[in-house]
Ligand code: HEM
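As a starting point, one isolated chain is supplied in structure tokens, in the form predicted on its own.
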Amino acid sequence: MTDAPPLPAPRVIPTVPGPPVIGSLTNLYPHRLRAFLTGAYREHGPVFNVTGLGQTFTVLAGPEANVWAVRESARVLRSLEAWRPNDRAFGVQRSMISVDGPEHRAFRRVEGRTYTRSYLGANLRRALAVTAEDLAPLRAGDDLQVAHWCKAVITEQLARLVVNGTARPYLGDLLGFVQNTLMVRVTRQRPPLVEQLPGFRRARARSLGMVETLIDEHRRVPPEQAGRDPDLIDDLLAAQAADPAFWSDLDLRMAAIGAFIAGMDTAANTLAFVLYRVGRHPDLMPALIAEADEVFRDGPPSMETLGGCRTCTASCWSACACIPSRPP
């Protein structure tokens, strides 16, 4: 009988060096974070620790982390610890983004319909109308804060399509409330004191008040009376009527405000990144413009037509592929 081969020694996760106590704290602010994490990834690899004020954060970065997350995250990760503090900022104990398993599926059954590709396809003209409104004031040569513009467009599109509301008068409040809440409670980049500042409290009150008013309007005027198709809030009200023990008024508020924040940092930043990279490659523009002219020649295209825009897809991949990755 032979001895089993020894198990490989566990690898020690490298820690990004920094001064005592504060660690990498000064690099965790938004204007430095991206460059800091990119540099740390290139130096230390896809898994590394970052310290600050006595806390240690483990970072998973780069394409290796993306591949691992797709393959393994459902088996080894869960959302509760990361997102419950965020839920509490909205007055609830759980939400679709903080729970997994059957409870998550219960939320998604109600909230998912108005976020589907088919729902967007049925409302594509309304989404494109928002884009046209935001493009109309722009002239050739104008300076444009691309990321903020993308946030404004996508947030307004979701507000109109998903809950038949508008984010226009509240965009600053939503950005101030939601993004500060995330940096205090989820990423812990900012101290809890931020939530006591008058500006934050005002932004929170206006954001939540806006959603509560919208829900009240939906209660008073159902879709058949309003002459519109049922939206997310109508689905939530129907679910609450069927199972009031599961859906409290605060749960409805949390789910409804999701329409205003669902793309604020995800789709908006992705779009801004693509626009920026394509803008750095003007040689791609003639073919992109020609394809857009063809696709929109007879009016707004279908989702299938948009999905078949090969020049746009190939150009975006080509531009984004120019980003240097970590050396082997």
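Residue indices: 1-based, along the sequence shown. Between two forms, the rigid core is the largest collection of C-alphas that superpose within 1.5 Å. As the structure is a computational prediction, the values presented were derived from the model and not from experiment.
One more form of this protein, predicted together with this ligand, exists but is not displayed; see below.
Residue in contact with this ligand in the predicted complex (any heavy atom within 4.5 Å), chosen from Gly263, Gly62, Gly52, Pro301: Gly263. When you look in the predicted complex, the only residue of Ile233, Leu174, Leu158, Cys150 with a non-hydrogen atom within 4.5 Å of this ligand is Leu158. Proximity of Tyr29, Arg32 and Thr38 to this ligand in the predicted complex is absent: no residue of the three has a non-hydrogen atom within 4.5 angstroms. At the 4.5 Å threshold, heavy atoms of Thr187 stay clear of this ligand in the predicted complex, well away from it.
Among residues of the shown chain, Ile97 is one whose heavy atoms approach this ligand to within 4.5 Å in the predicted complex.
A residue is said to contact a partner when one of its heavy atoms sits within 4.5 Å of a partner heavy atom; Trp83 meets this definition for this ligand in the predicted complex. In the predicted complex, this ligand stays beyond 4.5 Å of every heavy atom belonging to Thr131. The candidate stretches are 131-139, 102-110, 245-253, 213-221, and the one lying within 4.5 Å of this ligand in the predicted complex by heavy atoms is 102-110.
Residues Thr266, Ala267, Thr270 are the members of 265-282 with a non-hydrogen atom no more than 4.5 angstroms from this ligand in the predicted complex.
Relative to the superposed core, Ala74 shifts its CA atom by 2 Å or more between this form and the one not shown.
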